[in-house]
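Have a look below at one chain only, the form predicted alone, in C-alpha cells format.
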C-alpha cells in the first residue's frame, strides 16, 4: 500500500503502541471491537453513503435517524435530542440563534469557545461579557460566579439568554444550578456549552457525581452533576471528546425541565448550520455510542471511576507531582476526569513534561504553563493508567523534586502564562465591529481595533475579540506564545492580523 501525507501519518500512528490521553474518548478501535462492532470497522468505506431509500434524512427524521435521536432522549432524560455532525460548534451557534433575535443581546462568558463568537457575527448579536474568576497560580480562567450573571442580568434586562462553558477545557465547572435559578428568575434562557462534559450525566448513575450543594462521591475522584440535571435549557455535548462517537460528532439536548419549547425554531437554525450532506459514518458512530452506553454504560463508568480513584491514590505518592484542583468551599468545582499534571517542583514546565511523556509513547491533550492536561475517556483501560503512573514515577526519579527552591521555567512558558493571566479577564472597551478591514503586522497593531478574533489554540478561547482594542501587552503575550511554538488563530503565517481600516 503506497500512502503519503495524512493517510500515512494516521496509519503509522495507529500501528504504534501509544497511550491516548487526548481526544477522542474511544481511544481507538479496541472499545468498538470489545462490543462486537468489527463489521462496522471492516466496512467503514462501504458505510459512507448518502440519503438513499431507507437511510432517513437528518433534517426530516422519520426512520433510523429518528430512532437514534430517541435513544439519546432516553439516555439524557431530555424532551428533545439532536444529532450534530458539525461538532458542538454547530449546535452552539444554532442554540444562540434560536434564543436570541437578530441584532439582540447575549450575556456570555468571556472565556466562551470561538464558536460562540461566530454565532454573534452571524446573528448581528451584541455581547455582554461575564468575566470568569482566575486561577492565578496557573494563569487560566476559572468558573463564572452566579453573582456576575445576576449583576449583568440586572444591568441588561433586554438580553435574551446567557451562555457559558462548563466544564471548561481544564475541567473547571461553574455552579450551573445557581446560575440557572438566576437566569430563569429573570425570564431568560440558559445555554450551556458542555462540550467537555458529555460524560457527566452518566457518572451520576454510578455514584461519582457531586451536586452543587457540596455532596461528594466516595474516594478522591468525583465530578459535578451535568448541566441537564442542574437546570440548563439547552445543553451541547461533544460526545466524541470523552465518550465513543467519532470526532466531529456531538449531541444537542433540550432537557426535560427546559423552559425552551420552540423546537421548530431550533430545528430551523440547526438546518442552517449543519451540512446538507451529513456524514453517515458520524451518525453511525453516534448510534453505536448510544447503544454502548445503553447496554454497557454502568460497567464502563464504574470502571472509569475506579481507574481514576486508583490513579489519584497511586499518584499521590510520586515525589514532585501535583494536581491542579479548584474548589469553592465544600462545592466540588472540578471534573477530575481531566488530569491536570504539574511537575514544576521537579523543574519541568508543561511542555517539558509533555516531551518526557512522549518518550514513553503517551500523548496528552493540552499544555498551559506548568500544566499538562491528560484527558481521560470512556475507552481508557487500567493498563493506560498504569503506563502513565510508571512514566511519571520514572520522570520523578530522573528529575528529583527541588527542595526549598522557587521554580522558574527555563522555556519561558510559565512566565508567559503568568504574564497573560490578567489579559484573559481584562475589561476592554467594546467598539463597533470594523466594517472595513486590512491586514497589518502584529507588531504594528497597538491601539488598533481588532477585526478578527485572536485565539490561542488550544484552548480555542479568544484573547482579543472583534471590536476590542489591541494593546502592547497583548502583542507581547501573543508574540511569546508564538515564539514557544503555540498556535494563535488569527495571526497569519506572515505575522499579519486583521484590524479595522
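Residue numbers count along the first chain shown, from 1. Just so it is clear, the structure is predicted and the values come from calculations on it, not from any experiment.
Note that the form predicted in complex with a small molecule isn't included here; everything after this is about it.
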item	value
Candidate from 123, 320, 87, 379 lying within 4.5 Å of the small molecule in the model of the complex - any heavy atom	87
In the model of the complex, the one of 172, 195, 180, 374 near the small molecule [non-hydrogen atom within 4.5 angstroms]	195
Distance check, residue 238 to the small molecule in the model of the complex, heavy atom within 4.5 Å	yes
is_contact(residue 489, the small molecule) in the model of the complex, heavy atom dist at most 4.5 Å	no
Contact test in the model of the complex: residue 232 vs the small molecule, heavy atoms, 4.5 Å	no
The small molecule contact in the model of the complex: residue 459, any heavy atom under 4.5 Å	yes
Triplet 23, 92 and 113 all within 4.5 Å of the small molecule in the model of the complex via a heavy atom	yes
Candidate stretches 254-262, 154-162, 223-231, 187-195 - the one whose heavy atoms come within 4.5 Å of the small molecule in the model of the complex	187-195
